[in-house]
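This document opens with one chain alone, in structure tokens, the form predicted on its own.
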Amino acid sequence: MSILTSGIKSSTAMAYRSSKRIWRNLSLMGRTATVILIILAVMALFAPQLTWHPPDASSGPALAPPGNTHLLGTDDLGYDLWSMICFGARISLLVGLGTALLAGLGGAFLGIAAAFRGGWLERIIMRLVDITIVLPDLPVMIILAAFFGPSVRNIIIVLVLFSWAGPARLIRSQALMLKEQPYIKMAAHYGGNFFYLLKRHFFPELLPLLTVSMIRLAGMAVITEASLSFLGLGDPTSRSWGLIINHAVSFSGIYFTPFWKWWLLYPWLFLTLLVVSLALVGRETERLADPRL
């Protein structure tokens, strides 16, 4: 038991020192973006504790201005905007992280497999990559989202179908160079199969590049989810930021109420903060992964 405890303490100390070293190497913009992402993640995780009203029920007068009862005011139905913003952060982060993990890891696996195996497998995978990249993303996504039905799960599925090709092409190009390294040839010569080399060599070596690609995927997924929700193809039962903007624009009397600017500004502001912060963190990650940049 004492060995396990000491191991946990040692791992925690190493993680702390590593994170502290990374924080010191970040630029001011990188630190600011990281703090914003942490704040948005806390909002999403602790949305029930940070809000006083349900996001899907009327809790006050319509179009109430910001105040003590309603921190950001209410919409035309009396729904609390602060509650909808906090719970909407869950949707954006879920879509962003889900798409980044599934498309990033799946694309990386296919890219490494194409580089390692070559032959007919590489030709098939790369032709699929070319077809996916050539297709116009948003129009086809709109058609597929309407076909599958409005739900967060379906939006993630559609995003993954159109997002894996970029990481696959990027990782394949790097895996082709890595494949020619003497230590990988030696490991393959002595019986190392594909999955052993993937776990021991390819994945650790390509992880920094894959991380940057996944962060970019997350930002793209957040924007696309907001666009689909704004067009009415998102889950109507979830208060995503795109759906809030759609509701605000659809309100016939929005331009005749003094509160309309804020009703539109809140979701747009938080959406912009999330996307820009992801872009800056991705840039900083790329800089740290390759100091030559």
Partner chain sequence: MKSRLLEYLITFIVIITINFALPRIMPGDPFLQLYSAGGETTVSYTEEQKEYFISYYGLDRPAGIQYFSYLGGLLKGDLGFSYYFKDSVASMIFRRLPWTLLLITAATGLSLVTGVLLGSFAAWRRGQRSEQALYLFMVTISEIPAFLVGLVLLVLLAAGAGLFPLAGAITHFSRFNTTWAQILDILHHAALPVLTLAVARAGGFFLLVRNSLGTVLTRDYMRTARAKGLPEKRIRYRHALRNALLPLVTRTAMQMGAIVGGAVLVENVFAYPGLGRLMYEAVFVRDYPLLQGIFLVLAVAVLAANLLADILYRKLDPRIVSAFKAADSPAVKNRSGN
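Worth saying up front: this structure is predicted, and the values here are computed from it rather than measured. Positions refer to the first chain, counted from 1.
We do not show the form predicted in complex with its partner chain, though everything after this point is about it.
Heavy atoms within 4.5 Å of its partner chain in the predicted complex map, among the stretches 204 to 212, 81 to 89, 105 to 113, 179 to 187, onto 179 to 187 alone. Remark: residue 127 counts among the residues lining its partner chain in the predicted complex, judged by a heavy atom distance of 4.5 Å or less. Residue 194 falls outside the set of residues with a heavy atom inside 4.5 Å of its partner chain in the predicted complex. Contact annotation: residue 230 falls within 4.5 Å of its partner chain in the predicted complex, judged by heavy atom distances. Its partner chain is not shown here, and in the predicted complex it never comes within 4.5 Å of any heavy atom of residue 120. This chain lacks the partner; the member of 51, 246, 238, 59 within 4.5 angstroms of its partner chain in the predicted complex by a non-hydrogen atom is 246. Taking its partner chain as it sits in the predicted complex, the stretch 114 to 142 comes within 4.5 angstroms of it through a non-hydrogen atom at 127, 130, 131, 134, 135, 136, 138, 139, 140, 142.
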